[in-house]
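Presented below, as structure tokens, is a lone chain in the form predicted alone.
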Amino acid sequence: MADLSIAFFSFLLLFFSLSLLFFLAFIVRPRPVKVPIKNRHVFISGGSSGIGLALAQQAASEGAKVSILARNTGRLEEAKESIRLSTGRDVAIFSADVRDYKAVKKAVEEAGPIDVLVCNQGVFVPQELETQDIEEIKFMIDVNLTGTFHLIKAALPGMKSRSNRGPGSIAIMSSQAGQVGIYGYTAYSASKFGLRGLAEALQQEVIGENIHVSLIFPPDTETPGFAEENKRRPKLTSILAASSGSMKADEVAKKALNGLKSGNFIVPCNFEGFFLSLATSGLSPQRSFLMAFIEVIAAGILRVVGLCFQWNWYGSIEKFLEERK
């Protein structure tokens, strides 16, 4: 009798799993897509250093026509030469501040119709909200969030009017701090969380134009900006953020490029990021019915895991505050 019960239970579990897979395969939207890179125009903001430079090098090495945008002309020239030496390909460079819509629009129009737009610019100054200067807060929001609006709004007319209407992509560089708030990241997280709302709504607006949005969530990344960040990062921030580790810029660039080429909406960059993306999938679009299956099955247990992380974080905060007294 026990063997029959186990067999029946196993059958029900298998039937439920297969039924759920079939259902998800029917309903997931948007449908899977591949975004080609070779011989296509890839425009990358923040392309003179860090993740942006690594993305430009990898895209150029795959045969893309690459344009990079940043503020500093000298660093753009250095990046151009670095890419030429490493890939044998020239890239176009444009100097503009993403906070200035007219300057961004002019650069985008000079660059020509874009197939793949990578909004990679970003600044981060970690500090508690109470003590952080309001101008620093506005600066992060203007560069990280408003600057992304500027880039996308400037690029969309050309992306929609391309003669070759193959799949296009808008990739937005968020952060794991755009998935979960951490002490000392108040303003930064606000700017990065905002990108998710932008991306989710934008995907619905541009799907009819065969343009596919990817939202990339890197952890701490070893870049010149990260080195500066560590000089000001509150001690408690370092304690809480240490659980996700860090990555090299070229590793993040590879994950990001592979994610946008696959048309993935959510693009995690490491093992911890994968589980964080599962835990925060919410109402985001999902192209893969297999990933949708994992999200559904894992939702309950990952909520428990998330609460355990919160218990640990708030315990660390209490301990830190007690020691500081």
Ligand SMILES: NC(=O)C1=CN([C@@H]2O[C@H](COP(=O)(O)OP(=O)(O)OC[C@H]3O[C@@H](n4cnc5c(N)ncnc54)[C@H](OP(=O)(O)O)[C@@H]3O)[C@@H](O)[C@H]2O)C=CC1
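The model shown is predicted, which means the values in this text are computed figures rather than measured ones. Counting begins at 1, following the sequence as shown.
Keep in mind that the form predicted together with the ligand is missing from the display, and what follows is about it.
Trainee: Taking 48, 96 and 120 as a possible spot, do all three reach the ligand in the predicted bound form with a heavy atom inside 4.5 Å?
Mentor: All of them do, each having a heavy atom within 4.5 Å of the partner.
Trainee: If you check 234, 219, 113, 194 against the ligand in the predicted bound form, which one has a heavy atom within 4.5 Å?
Mentor: Result of the distance check: 219.
Trainee: Could you work out which of 89, 254, 71, 105 is the residue within 4.5 angstroms of the ligand in the predicted bound form, going by heavy atoms?
Mentor: Contact with the ligand in the predicted bound form is made by 71 alone.
Trainee: Could you tell me which of 153-161, 122-130, 206-214, 81-89 sits within 4.5 Å of the ligand in the predicted bound form, going by non-hydrogen atoms?
Mentor: Careful reading of the contacts points to 122-130.
Trainee: Is it the case that residue 166, even though its partner is missing from this view, gets within 4.5 Å of the ligand in the predicted bound form, heavy atoms only?
Mentor: Taking the distances in the predicted bound form, the answer for residue 166 is no, it never comes within 4.5 Å of the ligand.
Trainee: Please run the contact check for residue 190 against the ligand in the predicted bound form: heavy atoms, 4.5 angstroms, yes or no?
Mentor: It does not: once the ligand is placed as it appears in the predicted bound form, residue 190 has no heavy atom within 4.5 Å of it.
Trainee: Within a 4.5 Å heavy atom cut-off, is residue 202 in contact with the ligand in the predicted bound form?
Mentor: Contact check for residue 202: no, nothing within 4.5 Å of the ligand in the predicted bound form.
Trainee: According to a 4.5 angstroms non-hydrogen atom cut-off, is residue 137 in contact with the ligand in the predicted bound form?
Mentor: Flag for residue 137 set to no.
Trainee: For the heavy atom contacts within 4.5 Å of the ligand in the predicted bound form, list the residues of 172-207 involved, in sequence order.
Mentor: If the 4.5 Å heavy-atom criterion is applied to the ligand in the predicted bound form, 172-207 yields 173, 174, 175, 188, 192.
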